[in-house]
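Presented below, as structure tokens, is a lone chain in the form predicted on its own.
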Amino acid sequence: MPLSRDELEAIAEHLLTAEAERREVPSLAKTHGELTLDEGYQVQDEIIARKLEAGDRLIGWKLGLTSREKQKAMGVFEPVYGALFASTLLPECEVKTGELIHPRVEPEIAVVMGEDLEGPDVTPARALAAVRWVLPALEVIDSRYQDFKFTLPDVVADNTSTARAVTGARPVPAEGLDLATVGVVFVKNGEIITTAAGAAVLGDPAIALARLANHLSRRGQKLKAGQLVFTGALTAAAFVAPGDVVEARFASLGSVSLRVV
């Protein structure tokens, strides 16, 4: 049976409490039974609404499960989507692990929309044409679930593990950029962890952006001019602890770094 409105609200409260108390909880599949993907997004919608009511501000969106390897591992062929809030951004490029549960960091290509983008049927070319700026970025993910173990609807309900984020200070005009070929060197404490390119994100971050616009359209929303979009992780996430310094060095976009305290 579909979950009732009261049940969806109770799950949202459960996850928000875990986030506020920095306390990991078992996956919803263990405590509340198997959710459908749509129910996961309904819980996410409730979390978004509650954060806005509490005074936070929606500044954009993000994608998860954008690599082919992760999709195959989860048995899905569509990324997942979540919201970015003003409280997510780290203006000082410093993340406090005491505010989180078990953070990990991953490099991403972020974009700033130059105009509204509304589905359905948005193509990658149309999506890229709507972008004004491109930025190097690092996302700090922090699942509220024990050991980062969850089902696909679970992670959607948890706003796709969104926690903190930082972008470079110098945006680059999108015009003329081929995001698929933008390379990145991912560095932790001065040592290279791995390298990748924008093509790691569904073959092209423009494809990810188009899928996001079409997903929002199905939920009666659209991408708005000025909104920030994290297009998806280019590499596996790195575990971090106090004292670590993580950096993503992008060709054409510059670098962005994050101190862990």
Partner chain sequence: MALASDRIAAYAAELDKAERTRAPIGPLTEREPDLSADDAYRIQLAWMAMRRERGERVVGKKIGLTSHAMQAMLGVFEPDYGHVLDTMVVPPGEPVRLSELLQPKVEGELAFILDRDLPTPCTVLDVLQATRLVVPALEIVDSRIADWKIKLPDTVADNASSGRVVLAERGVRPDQLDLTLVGMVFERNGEMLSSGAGAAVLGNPAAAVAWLANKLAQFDIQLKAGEAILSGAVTAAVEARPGDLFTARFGCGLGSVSARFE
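Residue numbers count along the first chain shown, from 1. Predicted model, so just to flag it, every value in this text is computed and none were measured.
A second form of this protein, the form predicted in complex with the partner chain, is not displayed here; the remarks below concern that form.
Novice: Taking the shortest heavy atom distance, is Ile192 within 4.5 Å of the partner chain in the predicted complex?
Specialist: Flag for Ile192 set to yes.
Novice: Check whether Lys222 has any heavy atom within 4.5 Å of a heavy atom of the partner chain in the predicted complex, and answer yes or no.
Specialist: Although the partner chain is absent here, Lys222 would stay clear of it in the predicted complex, with no heavy atoms inside 4.5 Å.
Novice: Are any of the heavy atoms in Gly183 no more than 4.5 Å from a heavy atom of the partner chain in the predicted complex?
Specialist: Yes - in the predicted complex, heavy atoms of Gly183 and the partner chain come within 4.5 Å of each other.
Novice: Looking in the predicted complex, any heavy atom of Val245 within 4.5 Å of the partner chain?
Specialist: No, no contact at 4.5 Å.
Novice: Could you spot which one of Ile59, Ala199, Ile47, Leu216 gets a heavy atom to within 4.5 Å of the partner chain in the predicted complex?
Specialist: Spelling it out, the residue with a heavy atom inside the cut-off is Ala199.
Novice: Looking at heavy atoms inside 4.5 Å, which stretch does the partner chain contact in the predicted complex, given the options 108-116, 138-146, 183-191, 80-88?
Specialist: Going through the listed ranges, the match is 183-191.
Novice: Under the 4.5 Å heavy atom criterion, name the residues of 224-253 that approach the partner chain in the predicted complex, in sequence order.
Specialist: Read in sequence order, the residues that approach the partner chain (within 4.5 Å, in the predicted complex) are Arg249, Phe250, Ala251.
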